[in-house]
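Next comes just one chain, in structure tokens: the form predicted on its own.
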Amino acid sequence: MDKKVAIVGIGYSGFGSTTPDLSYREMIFEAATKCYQDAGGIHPQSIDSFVASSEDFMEGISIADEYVPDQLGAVLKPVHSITGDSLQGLASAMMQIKTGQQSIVAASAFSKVSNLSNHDGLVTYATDPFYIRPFNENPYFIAGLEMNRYLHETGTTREQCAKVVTKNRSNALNNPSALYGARIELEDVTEAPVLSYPLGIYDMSGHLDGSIVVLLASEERARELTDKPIWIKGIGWATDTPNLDSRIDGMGSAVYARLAAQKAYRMAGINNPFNEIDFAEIDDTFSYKELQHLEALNLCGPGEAGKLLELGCFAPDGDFPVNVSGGSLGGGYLHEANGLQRLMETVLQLRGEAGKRQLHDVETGLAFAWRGIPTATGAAVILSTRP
């Protein structure tokens, strides 16, 4: 199980609020084609196995992974479906290689949320059928409750959460694939209509259609396929209860993030993540989540993330850049593909292919994803240019 695994190819397609010119199958095909070309032009028949992260509930199709093989070139090949965030799918692909049974595995995920006529109703339907759903409330009241509790417990301010929005949407202006880049002021965020107090409409990421495909390989095959492999040094995932009244440490902290990070750090041999990791792409589905996740990932202490943000620590030119891509607030939220979006941006940075948003002298990055309301599930991965 000590086999090294690298990312050797990555491709994406779509990345629009609506994509009427592309079906989800066409998006996956385009992303897969770009990924295989990125991996030296490998033919899909040379790939041993495929992992698809998808949620039947979101797609309106039962056993949705049956629709995956054609566009990935996976006909008559093993296809493993993961009903969860795509970083969990990445973990499955990695483990297949570590067993020695496979040497090249593709992981894929997509979002076609523009096909849904009532996304909020769908999210509401995923909540507890006895204690939450009967209220028939907008499901984002859960985020409002969490945000309120987080601010109360840590002393973080509403203005510091708004600063996350202005930072990430400004960062997104340097990312050609980011949809929601803009220069906005703190007052635009704090005085915007309330979604669920204290959460305002600008504190929530906008929806995004898109597909991402990633190709993983064993050390031997990775060195054959590319001269710029990005090595997976550590990975971890964890789930707290989705029941609001039963979470381990209440609603103010992200236990799932802390546990997932601990596993990833231990696997990567990281003792001081702030000093040993150069930058991070982490979940910011809601503004407060970036700060909450930074603290849970042990990149700063409880209640410190907002203060460090105000000091410029997490800016592109700061001591520890966070979401230089614009994150989900600036780029858009890809649902089950959100984890691979954070991963893709980390890979591009480590390869030196991030364009105007490129950071200098980076060797190790962290990607973290949360699966979103109403779950308490997260996954973290440590990537490096060094094996």
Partner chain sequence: MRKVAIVGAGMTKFVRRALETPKELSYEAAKITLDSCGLTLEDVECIAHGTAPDAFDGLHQNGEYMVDGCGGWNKPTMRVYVGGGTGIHAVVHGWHHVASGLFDTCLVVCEEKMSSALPHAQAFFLTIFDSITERPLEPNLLWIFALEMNRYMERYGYTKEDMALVAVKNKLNGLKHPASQFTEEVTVEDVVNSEMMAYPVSRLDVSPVSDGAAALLLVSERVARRLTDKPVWIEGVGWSLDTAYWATRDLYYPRYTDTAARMAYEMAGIREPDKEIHIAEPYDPFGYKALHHMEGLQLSPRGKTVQLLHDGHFDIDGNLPMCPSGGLLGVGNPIAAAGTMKVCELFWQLRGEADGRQVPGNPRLGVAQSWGDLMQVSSVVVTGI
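Computed from a prediction, not measured in an experiment: that's the story for all the values here. Positions refer to the first chain, counted from 1.
This next part talks about the form predicted together with the partner chain, which is not shown.
- Taken together, the three residues Ser49, Tyr125 and Thr377 all come within 4.5 Å of the partner chain in the model of the complex, as judged by their closest heavy atom.
- Taking Gly269, Pro78, Pro302, Gly312 one by one, only a single residue has any non-hydrogen atom within 4.5 Å of the partner chain in the model of the complex, and it is Pro78.
- Interface residue remark: Asp240 is counted as part of the site for the partner chain in the model of the complex, having a heavy atom within 4.5 Å.
- Shown alone here, Thr157 lies farther than 4.5 Å from the partner chain in the model of the complex, counting heavy atoms only.
- The closest non-hydrogen atom of Pro69 lies within 4.5 Å of the partner chain in the model of the complex.
- Although the partner is absent here, Thr83 sits close enough that one of its heavy atoms falls within 4.5 Å of the partner chain in the model of the complex.
- Heavy atoms within 4.5 Å of the partner chain in the model of the complex are found in exactly one of 313-321, 215-223, 174-182, 258-266, that being 258-266.
- In the model of the complex, Ala74, Val75, Leu76, Lys77, Pro78, Val79, His80, Ser81, Ile82, Thr83, Gln88, Ala91, Ser92, Met95, Gln96, Lys98, Thr99, Gly100, Gln101, Gln102 are the residues of 71-109 with at least one heavy atom within 4.5 Å of the partner chain, listed from first to last.
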